[in-house]
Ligand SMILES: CC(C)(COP(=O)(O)OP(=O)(O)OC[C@H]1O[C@@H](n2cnc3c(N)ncnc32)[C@H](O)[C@@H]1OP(=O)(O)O)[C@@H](O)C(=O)NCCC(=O)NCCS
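This document opens with one chain alone, in structure tokens, the form predicted on its own.
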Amino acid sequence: MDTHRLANPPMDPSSTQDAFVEWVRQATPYIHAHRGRTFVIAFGGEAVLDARFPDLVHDIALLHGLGIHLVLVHGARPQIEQRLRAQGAELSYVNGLRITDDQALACVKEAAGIVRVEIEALLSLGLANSPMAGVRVPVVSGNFVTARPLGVIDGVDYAHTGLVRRVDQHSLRALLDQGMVVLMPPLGYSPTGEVFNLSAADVARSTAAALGADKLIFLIEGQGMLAGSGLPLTLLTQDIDPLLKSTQLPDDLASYLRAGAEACRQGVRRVHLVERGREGALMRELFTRKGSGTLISAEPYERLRPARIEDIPGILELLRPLEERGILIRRTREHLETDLNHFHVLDCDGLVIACAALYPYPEEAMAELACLAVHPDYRSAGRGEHLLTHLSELARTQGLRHLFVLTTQTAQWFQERGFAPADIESLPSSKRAFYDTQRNSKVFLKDLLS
């Protein structure tokens, strides 16, 4: 058990248990979705030097235990620089690219070997009083990367610095299918027996693309690097080049963004940038709705679409808290099944995070907006307004002139978006016949043509 946590003051047991249960319930869909998937996780040599590195290894072991196929790509820059300094030398950079001479290459080989052994040792830990108790994580490394020299650029010979030429995807896939965790250093080999010093980001990107990985995850250095950069939570690949041209970002962060965009263009579904220094950031990114980093995707992460039958449980979960507070009228599953063709949802990677319904009254050229709800974790980001705009436009395309709502507690929100108070007589006759006088809902009307 984690002894430093035992030293903390006791908390209210009921609140702690409630939070734990809520976390497990929120994580369960992701656990099911990730099982059998392939993730490539890249981290720098700085992670291995951190005293908290065993915690990260424990999280990686947990991912393996949940049935996720893992490829780990590690860097070794601080270890290499430490050995060069001990010899009175240092890595040279020209135009942001490393020059790896014979002396540097010897340090690269030594550092990569030591880092590999340290990672393997932590993944082999099985003490009874540790998070790795009873766990066996088989690890394998090898010559999976064929590389070529970077060569001479603008008169500069980059010597043993190389680029990935090919990744042995068949061997990697066979090992992953056997339950192995594959460990890949920033090294590549040529058919002539040469060894090249590679960028860990290049190895990770190329490996993820070769495997058709579901996720490529970069654990980046620098506390607050993502938060301080002003990056949005999600980025589309086509947004990255304009972003890099218009915004001055740290070199490492910019290189991860370029690698992430290229990986998505090569077929990787999702790329995640996660701050390694934040406690538990990897687990929050993978198993919570909010995540903890920046997501890169070739396709929109959220989709606004008509509701489907499999969305009903998610819609019910959204509506239930509002029904219990009297904000919405209670609806049964049967009611939703009957009215499903009126509903639209915001889908966030398979989860329903917002919904709304549009009920047209074509004879009066009116429509009712109902059941507008956004999950608490996704509010304050314009999603409700996005649904309102979409359904307003949909009503206009149907030749309807007015949109109305009945509300008891959200009048101000609708007034701020162009709705004006109206009386019951302004409602369609069939709606007036079912008006609930006990609820005494206020009527608001919006002109769709103004």
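Numbers follow the displayed sequence, beginning with 1. We call the rigid core the largest set of C-alpha positions that still match within 1.5 Å between the two forms. If you're wondering where the values come from, they're calculated on a predicted model, not measured in any experiment.
Missing here is the form predicted in complex with the named molecule; even so, the following discussion is about that form.
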Practice task
Would you kindly say which of 192, 341, 248, 380 lies with a heavy atom within 4.5 Å of the named molecule in the predicted bound form?
Solution key: 380
Practice task
Work out which of 393, 50, 55, 385 lies within 4.5 Å of the named molecule in the predicted bound form, going by heavy atoms.
Solution key: 385
Completion exercise
With a 4.5 Å heavy atom cut-off to the named molecule in the predicted bound form, the contacting stretch among 26-34, 41-49, 413-421, 62-70 is 413-421
Handout entry: Heavy atom distance at most 4.5 Å to the named molecule in the predicted bound form, all of 322, 327 and 407
Key = yes
Practice task
Give a yes or no for residue 99: in the predicted bound form, does one of its heavy atoms lie within 4.5 Å of a heavy atom belonging to the named molecule?
Solution key: no
Practice task
Report whether the minimum heavy atom distance between residue 374 and the named molecule in the predicted bound form is within 4.5 Å.
Solution key: yes
Practice task
Spell out whether the Cα of residue 322 moves at least 2 Å between this form and the one not shown when the two forms are superposed on their rigid core.
Solution key: yes
Practice task
Tell me, please, whether between this form and the one not shown the C-alpha of residue 43 is shifted by 2 Å or more, with the rigid core used for superposition.
Solution key: no
